[in-house]
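The chain below stands alone and is given as structure tokens, in the form predicted alone.
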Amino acid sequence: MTIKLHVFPLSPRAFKVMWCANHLGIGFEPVMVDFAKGTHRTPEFSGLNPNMRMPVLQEGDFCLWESNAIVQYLASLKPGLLPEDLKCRLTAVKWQFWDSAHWDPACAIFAFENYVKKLFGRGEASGSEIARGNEMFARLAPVLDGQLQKQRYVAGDALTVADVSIGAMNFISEQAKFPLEGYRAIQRWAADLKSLPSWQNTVAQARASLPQA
């Protein structure tokens, strides 16, 4: 049965699930969620996710929302991103929780203020919000950078769901202006991710999924 991924392709959370599927070689049909047209507020979409947010995975009657849960599901379908050893697997999953609770909310501030506002014509970035984001980054980035100083990837020497979940934000790192100067391990890791064929293919697919003017 065909997997559908309901996504807004320019979002890192959408990129996350598309990249995961592409990396594992899992075919899917991308379904555009057009925020400008209010697709996420329609009864059809709210029936898939009552939170009216994307991404959403749909496979027949099965619907799954929350991007990291979708990554978990996809990684359970094919080997490659979920370690078999229980302790190694839970180490990777631990970092997915860290992403949801800490990294994603911090990145979201810069994504909204520097990227989304410009994308949808919603005014200038808020200085107070950027200051709040900088404060969060000053606490969180050293945690991630310190981890990546010890090993190639977040949960070890192999790519896992942890890298997919946390690393997807690098999709918009330039547009969002994440304050990553000085965090050389994060910069090295981000460059590694961007060099992957699955990353590059997903970038192309995301751009191709956008409605043409």
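One rule holds for the numbers: they count along the sequence shown, beginning at 1. What you see is a predicted model; the values in this text were computed from it and never measured.
There is also a form predicted together with a small molecule; it is not shown, and the following applies to it.
Just one of 37-45, 153-161, 175-183, 24-32 has residues with a heavy atom within 4.5 Å of the small molecule in the predicted bound form, so point it out. Selected stretch: 37-45.
In the predicted bound form, Ser11 touching the small molecule (heavy atom, 4.5 Å): Residue-level check for Ser11: yes, a contact with the small molecule.
Give a yes/no on whether Arg188 approaches the small molecule to within 4.5 Å in the predicted bound form, heavy atoms considered. Flag for Arg188 set to no.
Is Gly167 one of the residues lying within 4.5 Å of the small molecule in the predicted bound form, judged by heavy atom distances? So Gly167 does not count as contacting the small molecule.
Would you classify Met52 as touching the small molecule in the predicted bound form, given a 4.5 Å non-hydrogen atom cut-off? Yes, Met52 sits close enough to the small molecule in the predicted bound form that at least one of its heavy atoms falls within 4.5 Å.
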